[in-house]
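Only one chain is given next, in C-alpha cells, and it is the form predicted on its own.
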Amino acid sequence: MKRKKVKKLLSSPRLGSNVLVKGWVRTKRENKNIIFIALNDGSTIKNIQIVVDTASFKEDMLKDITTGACLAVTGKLVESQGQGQSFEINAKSIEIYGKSDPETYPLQKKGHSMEFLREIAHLRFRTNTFGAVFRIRHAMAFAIHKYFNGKGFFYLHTPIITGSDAEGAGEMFHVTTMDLKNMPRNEDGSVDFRNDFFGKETNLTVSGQLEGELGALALGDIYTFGPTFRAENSNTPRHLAEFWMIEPEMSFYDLNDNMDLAEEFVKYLIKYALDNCHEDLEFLNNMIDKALIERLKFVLENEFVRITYTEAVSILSASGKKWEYQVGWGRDLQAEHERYLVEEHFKRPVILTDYPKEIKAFYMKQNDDGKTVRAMDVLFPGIGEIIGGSQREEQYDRLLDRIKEMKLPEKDLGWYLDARKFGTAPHSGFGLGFERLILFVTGMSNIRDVIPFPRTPKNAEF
C-alpha cells in the first residue's frame, strides 16, 4: 500500500478506505481498552488521530509507542467520534520504525522556551511552532522564484568565495587552506597569500550584488538568492553571521522603478503566505503574535509612504520623543527611529530615500547636490529596515572617485569599474534579508528562530 501524507489525507478524505500513514508520535493517551495516538508527519500542522484497540496488539509493542517514536500505521479512515478532529484511523497494523526513550526525549508534552529549543535545534523541527515556521520559510523561498520567473528575471548564482568586499565594511570571514599555526609572512609581517589555494586573500561573500550587476548589464534583469556572511560581533535578535539574501539587479531602472519593484515584490510574498500558509499562520497568530495576520494584511492593503532621509530627520527631531540614539542629519537611523516612522507617525510602511553619502556604500549613485545618494530603505512595522537598495553609480569617473575617497582597494575592483567603461547603463537593485522577511511573516521575535541552524558569535553548533 502506498503511503498517504497527512495533509493530503485530511484535505481529500475517502471515508472507509484503508490507508497507510507514517510519522512521529506527538501524544499518546489511554483508557481501559483504547489508545489514542496523535501522529504528525510534518506535511501539515495538524495531526491525524490513530485509534488503537489494545486487544488487537501485543502489550510489549504498545509500551514502545511513546512521544517521539516513529510509526507506520495501516488502518481504516473513519469519521471521528471525539472532539478536535473530523477523521481518524482505526489501526489494523502498526510498525515501529524508531523507538524514543521517554526518559531522555526532550520534547515531552509541555511548554518549552525558545532558548531551550535553540539548544536542541536538531529536534525543534518537531514542535508545532518550528514546523509552522519552516513550512512558511519553504513557501516564501518558492514564492520568490515564482515571482521573479514570472517577471522574466534570470536567477544568477554569484560566488560564495570572493576577493571583494561589496559593503566596504571589512567584516568578512577569511577563507584559506594554509596552516593557521604556521602562516607564511612577508617582510613587513603581513600574511603572504601567494601560496594559498587561490593565490590571493579571499573571503566568504557579504553580498552577491557586485557580481549581480555584471549579469544585469548583459541579461537585463537578474536576481540572486543565496547565503551571505558577516563577521559582525552582534548578539541582537536581528543579526546572524550566516543568512540568506535576495538581490535583484535591473538594467534601465531608476530609483523610482526600484521602489515600485520592491513594494510589489514584498506584497506578492505576503499575499502568497496568506493564500497558501493559512493554517500555519493561524497557529502562529494564536500562539506567538496575536496581531500577526492583521499586520500582514495591513502591509498588503496600504501604499508605502515615500519620503527622503532629510524629511525623516525633521519628523523625528520634531517628535518630542526621547531617543536612545541621537537624531541628526548625517547620522544613520536606528531601529527605534525607523519603527516610530512606520508604527506611530505614518502608520504605514515607509520607503526612505536620498541618504547622506557618508553613511552609504561606495556604489550608490550620487545626487547632483554632492551630499546625498539615491539610496532607498523599506521600513516595516515590528522590524524596521527590511529592504536596502539604491540606484547604482553608472558613471566611471564618479565611481572611481568614490572608491578612492573611501580608500577601497582599486585593484580588486577593476572588473567592477570595467562595467562602467564598456557600454554602461543606468541600473538599480536592492537586497532583502530572507530571515528578516521570515521574521515579519511568522511573527517570531528572534532571527535565530527562523533559520534552521543559526550561526551567531560563539555559536556554530550542529
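Only a predicted model underlies this, so the values are computations on that prediction, with no experimental measurement involved. Quick note: we count residues from 1 along the sequence shown, nothing fancier.
Another form exists, predicted together with the RNA; not displayed. Remarks below refer to it.
Proximity to the RNA in the predicted complex, defined as a heavy atom within 4.5 Å, singles out one entry of R194, K181, K322, K109, which is K109. Checking R339, K267, R295, R124 for any heavy atom within 4.5 Å of the RNA in the predicted complex turns up a single hit: R339. The RNA is not drawn, but in the predicted complex it has a heavy atom within 4.5 Å of R238. Proximity of V21 to the RNA in the predicted complex: non-hydrogen atoms within 4.5 Å are absent; the residue sits far from the partner. For F173, no non-hydrogen atom is located within 4.5 Å of the RNA in the predicted complex, even though that partner is not displayed. Not displayed here, the RNA is kept clear of G98 by more than 4.5 Å at the level of heavy atoms in the predicted complex.
Here the chain stands alone, but in the predicted complex its contact with the RNA, taken as any heavy atom within 4.5 Å, falls in 241 to 249 among 241 to 249, 350 to 358, 152 to 160, 129 to 137.
The three marked residues, H145, H278 and N285, fail to reach the RNA in the predicted complex, with no heavy atom of any inside 4.5 Å. In the predicted complex, the RNA lies within 4.5 angstroms of at least one heavy atom of each of the following residues of 360 to 388: E385, I386, I387, G388, in sequence order.
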